[in-house]
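The chain below stands alone, shown as structure tokens; this is the form predicted on its own.
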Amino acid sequence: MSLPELGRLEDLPQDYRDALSAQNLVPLWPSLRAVLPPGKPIPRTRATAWNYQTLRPLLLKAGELTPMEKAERRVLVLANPGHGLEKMQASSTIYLGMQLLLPGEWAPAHRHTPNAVRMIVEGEGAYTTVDGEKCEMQRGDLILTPTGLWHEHGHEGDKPVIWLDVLDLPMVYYMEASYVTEGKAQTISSDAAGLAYQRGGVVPAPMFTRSESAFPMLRYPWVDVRAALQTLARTQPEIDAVQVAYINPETGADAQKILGFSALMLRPDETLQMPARSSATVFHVIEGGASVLAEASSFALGEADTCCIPGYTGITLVNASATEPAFVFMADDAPLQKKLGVYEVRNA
């Protein structure tokens, strides 16, 4: 059923419009269809991809041009043109950035209200210290830096280390709740606090050693996540999607409160049809290659390439290899949408 055409702002007399403006008033009906479109939202987020091999030299050049003391965090933002590059956001709720740390550098300690995670892309010898816990960085590792926790980055190796930052910054900024507090270097209290949670089905007994932290596990090593995906594929060959979620091991809830994270294994020659979900989705290839098809957009992603697909869009993933699996990291804002009661999956 078609909706009736509504009156336009231009239809109103200029003196009436001026009188409204003088009182900080705006008529709703001329803009009603824009904020409540029929059937489904009209996203500003565009299907966009960022090629790592093209991005990498520009990031390394930034290391030559801008010393750490002039940058604090040396990052190239993966901005979505649908929102405007100046907005520095990949979707309405997700910020993405590629960060570079050179040997011997230290990115000073701070804490901020947006939640962040680091997906390690390249190099070794670097670490992130989060709330006193030293988290080593290995390719494919996921490291949390939740809201309000002190964190800093250091590099004890001899080659550049690069990682993908994923933050809920656009959402927190929109709420006018985004700010940072600078701090001093942390005292490292532990380099293995999360190890007790890295075996499925076994956690510290609540009676004695249950963590008081809202985030008892901060580092999710790729070697363990990869092994879990391979075991799932081997033991359940009939499963529709070989996928694992990053969760809080004590509560079973999402690892963070606003954005959700998972890892997906595409078996050789596999084509995976994903339903249209209300949440925008980020795909980042850890190993192998994958084609991402979403309505009129198609991206061939290689290792360390990243793309963002708007919500309410059906997605097809295709493994580029007939002999080797592909491993993909995914981020979305489904946890936030579920809390708000607006999350949808449309199978048709």
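Just count from 1 along the sequence shown to find any residue number. Bear in mind the structure is a predicted one, so any value in this text is a computation, not a measurement.
What comes next is about the form predicted together with a small molecule, which does not appear here.
Looking at the small molecule in the predicted bound form, residues 110, 118 and 165 each place a heavy atom within 4.5 Å of it.
Among residues of the shown chain, residue 147 is not one whose heavy atoms approach the small molecule to within 4.5 Å in the predicted bound form. Though the partner is left out of this view, residue 95 does reach within 4.5 Å of the small molecule in the predicted bound form, counting heavy atoms only. The small molecule in the predicted bound form is approached by residue 99, whose closest heavy atom lies within 4.5 angstroms of it. The small molecule is not drawn, but in the predicted bound form it has a heavy atom within 4.5 Å of residue 153. Only one segment in the set 236 to 244, 273 to 281, 260 to 268, 165 to 173 has any non-hydrogen atom within 4.5 angstroms of the small molecule in the predicted bound form, and it is 165 to 173. Proximity to the small molecule in the predicted bound form, defined as a heavy atom within 4.5 Å, holds among 83, 226, 73, 139 only for 73.
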